[in-house]
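One chain is shown next in structure tokens, namely the form predicted alone.
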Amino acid sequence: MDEKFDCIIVGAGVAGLAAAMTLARNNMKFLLIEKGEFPGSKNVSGGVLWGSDLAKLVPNYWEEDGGWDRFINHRRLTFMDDQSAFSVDFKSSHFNEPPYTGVVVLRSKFDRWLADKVQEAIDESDYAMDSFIAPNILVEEVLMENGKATGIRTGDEKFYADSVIIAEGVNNLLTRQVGLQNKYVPADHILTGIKEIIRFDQEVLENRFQLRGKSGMSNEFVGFATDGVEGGGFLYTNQDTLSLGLVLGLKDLREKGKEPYEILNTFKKHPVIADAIHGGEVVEYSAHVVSSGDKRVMPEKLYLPGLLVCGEAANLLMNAGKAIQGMDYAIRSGIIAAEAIINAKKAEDFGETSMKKYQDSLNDSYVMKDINNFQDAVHLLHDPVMTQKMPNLICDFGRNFFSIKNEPTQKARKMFGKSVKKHSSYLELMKLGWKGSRAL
């Protein structure tokens, strides 16, 4: 592989695979490098892939069994105290028709499946013998010459290209190496995700969560789930397993002297969770770091001459309360990055101005529009009032409202007033309501 490529992509996660798919379908000669044994082999994350971009990469993907586990037609947000849970629950047959608005994926399986689709696109391109997916290779350096990316180095070997797309994930060592990211990202902008995969008999799982066929549920948790640490919990139904876990603030964990696995064990003992996972077998435990969704952690520039940064390497992630979005952002940014490289190749111009068009297009996309528009919601979700006081207040009110006693029943407003007095204040609620109305 001594020849020069049009593009070298570093990282075969969903961002890198989306870029590779786009390049292959536009007859570009590229090298996709993955440090794992195969795409997905080192990816322990998973969850819900939202939106319709998957259908753009793999039309009619829903007709295949591979890759994804279930489509989401049931959404639930749960507020928890130590003994109770109060949920906002929504289920609709509107979400039953493909292309689905969200599909549950386990990344080790999904990334490998998508990589096979990329290989099919390579085989159908004009460069079937010249484009490659190269696993088991660790990129140690992006080669720069006069401020322009010219290729990569792995060990003693060097590979050259007109352009480089960095899609290395949240541990963005190469992004730092080329000077686009600060050496260290502050801990208050980084979260750790911990997850267990719990296996069930498929019929038991489907009966317990009222699933039919390929339908599935996503459930987010606020409050007791994190034992007072910044963050939240999640539960997603896979084919015959559950993904159960937490996303926790690293800085808050450190300051409160708590261990993630201890909080997860406490979470699993909550009555609601204990009932949900009863009889299941833990078959996998994993942990990884993610961005908090605060755009202040993003590099100001995502480009240099001949170089673009996409996906989690660019800290493209957001949780505004409605959903945790990251994989969809990664796919869209990978597509946009590849389109910028395609246009640069046509113009034979990989300079600063040409590469800047990637960031301009990203800013015009739903990715950056949502990240910019919902920053207040991101900050609100990390407010202790929202993550601690509100769940306790809501559960206290729910407990009183749904308790039937052989005595005169109080009006709901009086019950609510007692819960407010016990856990917060009307002034605090008004402030929270004002922030929420502006944030959402």
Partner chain sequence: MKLLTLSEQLGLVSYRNQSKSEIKPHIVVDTDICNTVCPHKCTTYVCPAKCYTMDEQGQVHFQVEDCIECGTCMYACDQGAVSWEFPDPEIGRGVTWNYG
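In this text, all values refer to a predicted model and were calculated from it rather than measured experimentally. Positions refer to the first chain, counted from 1.
This protein has a second form, the form predicted in complex with its partner chain, left out of what is shown; the following refers to that one.
Against its partner chain in the predicted complex, the set S108, I137 and S286 is in full contact: each member has a heavy atom within 4.5 Å.
A residue is said to contact a partner when one of its heavy atoms sits within 4.5 Å of a partner heavy atom; R296 fails this definition for its partner chain in the predicted complex, lying far away. Residue contact with its partner chain in the predicted complex: K148 places no heavy atom within 4.5 Å of it. Under a 4.5 angstroms non-hydrogen atom cutoff, its partner chain in the predicted complex lacks T387 among its neighbouring residues. Under a 4.5 angstroms non-hydrogen atom cutoff, its partner chain in the predicted complex has I277 among its neighbouring residues.
For the candidate set Q375, S41, N400, N27, a heavy atom within 4.5 Å of its partner chain in the predicted complex is found for exactly one residue, namely S41. The contact with its partner chain in the predicted complex, taken as any heavy atom within 4.5 Å, belongs to L173 out of L77, L173, I342, L211. Residues of just one listed stretch (318-326, 349-357, 164-172, 334-342) have heavy atoms within 4.5 Å of its partner chain in the predicted complex: 164-172. With contact defined as any non-hydrogen atom lying within 4.5 angstroms of its partner chain in the predicted complex, the contacting residues in 247-276 are L250, L253, R254, G257, K258, E259, P260, Y261, L264, N265, K268, K269, given in sequence order. In the predicted complex, the Cα atoms of A225 and G46 sit 3 Å or more nearer to each other than they do here.
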